[in-house]
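What follows is a single chain, given as structure tokens, in the form predicted alone.
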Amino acid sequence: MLAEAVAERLGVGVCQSILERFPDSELHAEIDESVRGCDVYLVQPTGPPVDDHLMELIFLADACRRAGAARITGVVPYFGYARQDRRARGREAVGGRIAADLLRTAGIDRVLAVDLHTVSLEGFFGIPLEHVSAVPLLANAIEPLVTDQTVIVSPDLGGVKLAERYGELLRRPIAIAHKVRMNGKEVKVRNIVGDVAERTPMIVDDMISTAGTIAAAAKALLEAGCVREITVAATHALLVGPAMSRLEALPIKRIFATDSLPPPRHGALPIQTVSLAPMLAEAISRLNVDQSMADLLAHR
């Protein structure tokens, strides 16, 4: 459990809480020990089921506030609704803004988030947001596998800056997949920009959801003549819907992902987990005494 790993590094215990559902499905949240005057850090990724986890976070925040907590920080390793950052067709809700407003309304004073899907979300928060990145942790885990033939691949144009960060840390060139979304469930890669022939590709992204983007990029790389040994690195491994079957059908040697979300309960994917605990513990330690976070913050 990520919260326990973070607490262990900080040399503190995890506050006991009670989360239960009434027969009519209403949520009940209660803090089982005193937090009066405390600097409280609520560690709660809002991954699937997103609504349940979001409600648990804001209920716990309200319980802490009413119990006299001095300051409440929501530590959200994965922030649900991050992809709903704008109106695509004009008559829809902007889920990212609603989720950010709920956190503030619940009494959270500050949010610590990891690799948000888009930095534009920072403008949605009416409270301070500390946006940190797991890229250095992932790059450090990957580095022993990097060779002179490795090329870093962005699976779409939106991930170019992320690929450049990996490229700088690992000192390798990058390539870019030109992705076109056919509909809400299907994507296609038209071409690869960069030299990937007879090279070992390392596809990097902020998240793997249904794996449609990763699969399309991998197929395009294979058609372009890359080595049939693909590595994938992503901060958030949601792996929902057809993700497992899509990835298992590809020559993927290994997948690096953090523990921002619980690992999948099924499938035989070669997933190597990189813990966020060291980084989150360091961030919390600094926030607790109001030290600078400059070298931990995401810049992309």
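All values reported here derive from a predicted model rather than from experimental measurement. Numbers follow the displayed sequence, beginning with 1.
Quick note: we don't show the form predicted in complex with a small molecule, though the next part is all about it.
In the predicted complex, at least one heavy atom of residue 210 sits within 4.5 Å of the small molecule. Although the partner is absent here, residue 219 is not a contact residue: none of its heavy atoms lies within 4.5 angstroms of the small molecule in the predicted complex.
Contact between residue 156 and the small molecule in the predicted complex is found at the 4.5 Å heavy atom cutoff. A residue is said to contact a partner when one of its heavy atoms sits within 4.5 Å of a partner heavy atom; residue 206 meets this definition for the small molecule in the predicted complex. The stretch that touches the small molecule in the predicted complex, counting heavy atoms within 4.5 Å, is 210 to 218, out of 210 to 218, 224 to 232, 127 to 135, 189 to 197.
For the candidate set 104, 97, 83, 172, a heavy atom within 4.5 Å of the small molecule in the predicted complex is found for exactly one residue, namely 83.
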